[in-house]
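As a starting point, one isolated chain is supplied in structure tokens, in the form predicted on its own.
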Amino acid sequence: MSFEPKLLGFLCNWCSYAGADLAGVSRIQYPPNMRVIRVMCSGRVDPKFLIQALELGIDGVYVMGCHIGDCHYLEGNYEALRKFDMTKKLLSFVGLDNRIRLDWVSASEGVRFGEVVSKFVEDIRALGPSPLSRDNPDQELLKKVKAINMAAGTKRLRALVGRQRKITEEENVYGEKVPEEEFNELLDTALKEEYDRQRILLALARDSKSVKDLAVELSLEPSLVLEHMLTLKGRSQVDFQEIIGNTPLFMRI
């Protein structure tokens, strides 16, 4: 029996959804695998929407918006692009980045809509079912995806992505502008740090642990875990529970 992917699409009301509608009235043939959610703008699609869809077992997620420069809200698709890039980088930590896609389809591109959906179905079919889509999903992977979902909602990452264009394209009051490469390095570091910190919080949700216990469980360097614990303590997300011998145990607040 051939595998039929379960796909989810977030389509911009003004362009991509209208393109899908045109494909329908024009009787353009394409696979019926994708269920559609209409949004007012592709920039409205939160990274957590994509991650949660994968977490729930969807095999692939598509975001479609107006072509760059043609956004009904002027810059919404630029915001969509920044959010999507962040999401893709986060999902690359667990090898699921090839299950999401972003594309631009206008209201007049019914044929193109059918083509991009058909291509996505073929690509996901070639990948096979998501490891989270079966009756017994990969529990270790599921924990990591939950951590990614939590990381995507942190204030630090939302602030960085939300201000990316202003930081890299506009000068501040001191006449400074951050080069794109420098910003990307900063963002990549922040993504990994927040992902690891959320993994720590999930591990502590089950029971209290020492830095050494966390390092072994999460395959991280103890010194790195300690740095994360100090940051999380400063955020009032973890605290000391007790000291056994010379070893402090941490708990999630």
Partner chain sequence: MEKVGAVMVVGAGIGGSQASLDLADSGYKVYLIESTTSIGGVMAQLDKTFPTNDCAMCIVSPKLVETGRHQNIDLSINCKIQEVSGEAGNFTVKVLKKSLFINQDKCTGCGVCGKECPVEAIDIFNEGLAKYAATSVRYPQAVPLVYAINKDYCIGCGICAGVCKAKAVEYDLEDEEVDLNVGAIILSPGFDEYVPPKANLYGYGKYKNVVTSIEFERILSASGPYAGRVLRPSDGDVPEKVAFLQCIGSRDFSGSGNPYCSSVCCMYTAKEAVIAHEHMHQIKPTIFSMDVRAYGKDFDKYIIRAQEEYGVQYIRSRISSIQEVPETNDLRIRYETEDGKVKEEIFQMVVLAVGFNPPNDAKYLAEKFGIELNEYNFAKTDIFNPVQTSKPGIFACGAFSSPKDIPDTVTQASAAAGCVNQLLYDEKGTLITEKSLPPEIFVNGQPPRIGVFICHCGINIGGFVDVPEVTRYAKTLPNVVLSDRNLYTCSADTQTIIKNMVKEYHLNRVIVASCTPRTHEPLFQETIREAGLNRYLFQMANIRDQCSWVHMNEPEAATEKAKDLVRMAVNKARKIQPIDRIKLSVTPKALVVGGGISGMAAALNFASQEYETYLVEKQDKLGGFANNIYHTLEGGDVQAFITDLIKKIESHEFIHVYKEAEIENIDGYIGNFKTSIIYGKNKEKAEFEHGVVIVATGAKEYQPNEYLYGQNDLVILQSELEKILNTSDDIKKKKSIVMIQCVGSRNDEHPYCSKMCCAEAIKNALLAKEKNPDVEITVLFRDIRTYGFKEKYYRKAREAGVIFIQYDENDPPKINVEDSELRVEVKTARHDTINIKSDWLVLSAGIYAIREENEDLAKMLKVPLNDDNFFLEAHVKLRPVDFATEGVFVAGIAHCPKTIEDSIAQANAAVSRACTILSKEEIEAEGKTAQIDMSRCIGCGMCIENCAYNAIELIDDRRFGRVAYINQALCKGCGACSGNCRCAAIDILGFTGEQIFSMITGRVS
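Numbering follows the first chain given and starts at 1. Remember, it's a predicted structure, so these values are computed and weren't measured experimentally.
Beyond what is shown, the protein has a form predicted in complex with its partner chain; the following relates to that form.
Taking the partner from the other structure, its partner chain in the predicted complex has no heavy atom within 4.5 Å of any heavy atom of Leu204.
Put simply, Glu176 is close to its partner chain in the predicted complex: some heavy atom of it is within 4.5 Å. Using a 4.5 Å cutoff between non-hydrogen atoms, Val111 does not count as a contact of its partner chain in the predicted complex.
In the predicted complex, its partner chain sits beyond 4.5 Å of every heavy atom of Ile100.
Interface residues of 213-240, taken as those with a heavy atom within 4.5 Å of its partner chain in the predicted complex (partner not displayed): Glu221, Pro222, Ser223, Leu226, Glu227, Leu230, Thr231, Lys233, Gly234, Arg235, Phe240, in sequence order.
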